[in-house]
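This document starts with one chain, in the form predicted on its own, laid out as structure tokens.
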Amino acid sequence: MATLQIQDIALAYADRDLLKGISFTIDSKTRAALAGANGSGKSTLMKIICSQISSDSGSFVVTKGTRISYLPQSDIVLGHQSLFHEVETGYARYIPLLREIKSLENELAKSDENTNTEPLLHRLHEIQETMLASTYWQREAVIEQILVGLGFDRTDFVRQCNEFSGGWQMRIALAKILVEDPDIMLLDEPTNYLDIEARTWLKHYLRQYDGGLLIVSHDQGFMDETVNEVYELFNGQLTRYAGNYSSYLLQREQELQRLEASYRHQMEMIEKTEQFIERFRYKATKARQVQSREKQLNKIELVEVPSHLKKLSFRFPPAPHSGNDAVVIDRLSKQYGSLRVFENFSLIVNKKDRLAVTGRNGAGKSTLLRMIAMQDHDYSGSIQLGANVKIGYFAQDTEHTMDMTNTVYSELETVATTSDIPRLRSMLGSFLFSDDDVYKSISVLSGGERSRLALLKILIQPANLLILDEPTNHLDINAKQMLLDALKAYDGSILFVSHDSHFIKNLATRILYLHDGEEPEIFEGDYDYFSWKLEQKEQFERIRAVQSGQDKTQGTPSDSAISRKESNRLKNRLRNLRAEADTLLKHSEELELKLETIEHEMARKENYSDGERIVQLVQLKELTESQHEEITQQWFSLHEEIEQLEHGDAF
């Protein structure tokens, strides 16, 4: 088993100990998230693990032959070759083996009856077995599957890498790592710039990946479905929590409550001690006690509450009154040159709707929001706002509209009302601008900081229709939760674009899904149903890719390894679904028997005069019927998926 042991890693910058005695183990079974506040050292630790930077002290123990791949969060530099050939370099580890095969074959060709060829044949067989066990001979099908899964069009395969934007270059780097198929993957924000379909595909890919995994991500939904343990980096030290990310947050919340109680108790004790010292400092009879308490104060180890887990709060100003129809879109058509984005599209956004707009990048999500926000008038059809509708619009490039000479605080003042002024500091704190950060010039802020400030400027202005394009970009999980809570309490309408499954699931009441070249589709409410449909589509694409791979690899030395792997995975899924369906069916039968028993009990004459007993039986019957209905619905859903898998029609 591939194993990486990290022992007592330490790193300091100036007078700050960024990492202090970090020790943990990653092996081929690891599925872990690395959590912590921005600036806590998560990316630094990953770079140390993959030897991109050196630590001040500590060591590594790595199993021989273990391959480790690292996806950085930024600074990705790619060559000038085509997309396909750049990703194909992920197979570079096989080039020396191919050369060795050629060398061995040449040696064997030169041998005569007096040459001992057994070592040569043994090594040749060993290399050939390694090659056959890999996906090298099927690399075209594998690369195609990965690139399409990450959202690339097949026409992109011949484009040069430097033609792609930064977000797409990150996808190229991720594709190379997946092609490398290392023993251990270190992924720093792999879901950045991925749309919801690509995230769904990556989630399933990582589920069947049989190596070790360490992920940094701000997508709680994604991590909940890919990790089973969390390492938190706080104050230079690492703490392990079992369970997925939601489980970690629950455990941390309980710890936080205890920490806050300890902090309050400690502050009270320090205050009383300081009062004693100040009161009796100049009394000779109390000198010994004063000195003793001063020593106690100096020895106290202050309780620290992790800043990234402190409860943040923010509330919107009340939404002005408006009509019941916030937006009415009628036969909207929009195109860029020959590319038609919308055609005869109609939609009504009602008062207090929370409409999530999602789909692949380039499907027209941001375009739709710009048109509704009256920022783009180049379309046919009509977009009408309801009576008294006032828009608050956040675009991904909104930060470029700010005055670079302003400070953070003065920029926020430009849109604040008089009543907001006393709350500006706390508002900025909620958006991760604390202490002297509020006096920074906007010109020195990072892109993420400018984006957060731009979002806050939009949110503090009274509006009854919020139009938000990727509002959670550049927010950590705690800040996302603060924004989510505020939006849930907001009494106006919300139309937003997001790829964050946790955010959509907990906010959206309707989902507009934009397809490439297909009619937009509305899902009323239930995100779980929408997610299930996406997974079915992604599963169908995998099956089609497998079948395509089988066609392409006919006549090669072996069947497609990826096809066998995918086929086995689908068979396992089918077997698990059948077992789960059988369990549900048995449970359903048990509930039916229980209902018969209850009805028989209700029919007994001796219970007619016992009103309390009859009420209990009626309540028990209603509860049992509800459970039976829920079990039946689950069984039907499972059975539908089973039939689709059996017939190879997953979507």
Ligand SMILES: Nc1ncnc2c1ncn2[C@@H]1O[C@H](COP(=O)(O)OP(=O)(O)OP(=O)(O)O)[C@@H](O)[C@H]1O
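Residue numbers here begin at 1 and follow the sequence given. Since we're looking at a predicted model, the values are computed, not measured.
The following text describes the form predicted together with the named molecule, which does not appear among the structures shown.
Next on the checklist: Looking at 592-600, 39-47, 615-623, 55-63, which stretch has residues with any non-hydrogen atom within 4.5 Å of the named molecule in the predicted complex?
Outcome noted: That would be 39-47.
Next on the checklist: When the named molecule is placed as it is in the predicted complex, are R31, H204 and T472 each within 4.5 Å of it, taking any non-hydrogen atom of the residue?
Outcome noted: Zero of three within 4.5 Å in the predicted complex.
Item to check | I460, heavy atom within 4.5 angstroms of the named molecule in the predicted complex | outcome: Answer no; every heavy atom of I460 is more than 4.5 Å from the named molecule in the predicted complex.
Checklist entry - Is S446 close to the named molecule in the predicted complex, meaning a heavy atom pair under 4.5 Å apart or at it? => result Flag for S446 set to yes.
Checklist entry - Does L18 reach the named molecule in the predicted complex if we count a contact as any heavy atom within 4.5 Å? => result L18: contacts the named molecule in the predicted complex.
Checklist entry - Hey, in the predicted complex, does H85 get a heavy atom within 4.5 angstroms of the named molecule? => result Contact with the named molecule, no.
Next on the checklist: To verify the annotation, which of these, R360, K440, R139, K505, has a non-hydrogen atom within 4.5 Å of the named molecule in the predicted complex?
Outcome noted: Only one listed residue qualifies here, and that residue is K440.
Item to check | Listed residue (D183, E189, E411, E232) with a non-hydrogen atom within 4.5 angstroms of the named molecule in the predicted complex | outcome: Of the listed residues, the single hit is E189.
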